[in-house]
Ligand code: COD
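Below, in structure tokens: the form predicted alone, a single chain.
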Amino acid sequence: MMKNFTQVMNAAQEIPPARVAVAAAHDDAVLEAVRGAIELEIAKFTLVGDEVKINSLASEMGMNLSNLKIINEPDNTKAALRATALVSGGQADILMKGLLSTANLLRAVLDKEVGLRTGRLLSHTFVIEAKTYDRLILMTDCAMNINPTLAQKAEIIRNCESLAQVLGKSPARVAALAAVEVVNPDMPSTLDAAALAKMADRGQFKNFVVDGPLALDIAVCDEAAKHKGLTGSSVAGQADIFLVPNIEVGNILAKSAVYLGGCRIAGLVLGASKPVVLTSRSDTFEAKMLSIALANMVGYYEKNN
């Protein structure tokens, strides 16, 4: 089981580099991630965006673009469509978000002509490295599905399968998070969590163990679970995946991890026909580069399994 991003980067360097199409690549953090990924030989790139801005930024950074293909498209909506078309058309393996809104990118991913539709629910998963925890944490869905239903939560879990596999989490332990660890009819998230746990007991999730409702402290701390009298859980204290009840909880939890906890982070959209790198426009170049590495690993796994 991979415990940190150093192991992820090492593993990504052992497989062939992926072809990445970047939508709206005119951003310094994006270009810094591109440069880092090229130097580590984990990816090759086609940059779609405002060519004048891309060249200007690269010049300021001292970055050589002579070996990169650049498609000039200053309009972000059109850039997203053109980058997505490269992936759906087989000219690239991974789609990456540049300096454009998430909504803009997802509209392209869902486009009926050039999109990456599969019929599955799309969901977003962060991978987080915390200094105080002994493994990488998958946190989902913190960026796309606002208030998922029980059925959608089940799909969000299943979307994590390939990512969990490449990180060595098999079976992956899923904590269906809530404010408490008992079922309370006045708290719908606890009802969903209990239902998901029962579904797992009945074999409805492949390669996952699910328990819930679990409060966050119980999900990551054995002592907290024992203190609260929760015994017999195979997830308590060793959760691999945090399934959040809604986007507000997930968004706040993920950003707290980064800005208050100093955690390293990466982010992918799962459920499309190809991996999609999606981080915040404010995220660091390192977060973007780590996301590229993970996307390469997921794509390689899915191609060969």
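Note that residue numbering follows the sequence shown and begins at 1. This structure is a prediction, so every number in the text was calculated from the model and none was measured.
What comes next is about the form predicted in complex with dephospho coenzyme A, which is not displayed.
Remark: all three candidate residues (T102, R120 and N145) come within 4.5 Å of dephospho coenzyme A in the predicted complex, counting heavy atoms only. Contact annotation: I38 falls outside 4.5 Å of dephospho coenzyme A in the predicted complex, judged by heavy atom distances. A residue is said to contact a partner when one of its heavy atoms sits within 4.5 Å of a partner heavy atom; M187 fails this definition for dephospho coenzyme A in the predicted complex, lying far away. When contacts are judged by a 4.5 Å heavy atom cut-off, L110 counts as touching dephospho coenzyme A in the predicted complex. By the criterion of a heavy atom within 4.5 Å, S59 is excluded from the residues contacting dephospho coenzyme A in the predicted complex. Among the residues L253, C263, M63, I247, the one placing a heavy atom within 4.5 Å of dephospho coenzyme A in the predicted complex is I247.
Out of the listed residues L106, A224, A194, V114, L106 is the one that sits within 4.5 Å of dephospho coenzyme A in the predicted complex by at least one heavy atom. Figure note: of the listed segments 173 to 181, 137 to 145, 216 to 224, 73 to 81, the one touching dephospho coenzyme A in the predicted complex, with heavy atoms no more than 4.5 Å away, is 137 to 145.
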